[in-house]
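A single chain, nothing else alongside it, follows as structure tokens in the form predicted on its own.
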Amino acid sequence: MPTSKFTPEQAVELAAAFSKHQVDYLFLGKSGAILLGYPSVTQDVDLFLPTNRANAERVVTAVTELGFVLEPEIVRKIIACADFVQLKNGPFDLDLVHAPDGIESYDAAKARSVLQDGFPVTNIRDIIASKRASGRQKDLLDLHLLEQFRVEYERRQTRPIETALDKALERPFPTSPS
């Protein structure tokens, strides 16, 4: 029976199974934003997957191992890399997305992605672009808060560099012995 919200334990279980089976993927959507620190909840896990048959076959193996019951039609959709496949017969709700709105390609998104506490996560700007492009009312409602989060998240990401640089500039330059 699916839980009412996405939990860190689910992310860990999913990441472990996908790692075991060498699945290439990125967390996407609100679940991805939550892994980056966005203070919210969501009812499902959204994954961005490349359109690659071998990877899709590994996805089927991994989600089956996680406890998802896959009907033959769902397996066909996953293997065919359908744009969107929703899994509800498992320990949590899982959306497999091969073509999210607002993101030009998996390879481009992966190049911009971040590894957050061991989780591969779509860049926050891509998460926002996807939500904006979807045009769904529930996604549009989140945009303002996600944009505020993005500003804070990006500020936090640059702070360690700025702090180290500031400290280095505060120190006097070493002088050579005379």
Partner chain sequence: MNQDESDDEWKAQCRRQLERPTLDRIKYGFAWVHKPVLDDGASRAFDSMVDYRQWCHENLPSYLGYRLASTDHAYE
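Owing to the predicted nature of the structure, the values given are computational and were not obtained by experimental measurement. Positions refer to the first chain, counted from 1.
As for the form predicted together with its partner chain, it is not shown, yet the points below apply to it.
Within 4.5 Å of any heavy atom of its partner chain in the model of the complex lies no heavy atom of residue 103. Although the partner is absent here, residue 43 sits close enough that one of its heavy atoms falls within 4.5 Å of its partner chain in the model of the complex. Mapping the unseen interface onto this chain, residue 107 falls outside it, with no heavy atom inside 4.5 Å of its partner chain in the model of the complex. Contact check for residue 122: every heavy atom lies farther than 4.5 Å from its partner chain in the model of the complex. Along 76-92, residues 77, 82, 83, 84, 85, 86, 87, 88, 89 each place a heavy atom within 4.5 Å of its partner chain in the model of the complex.
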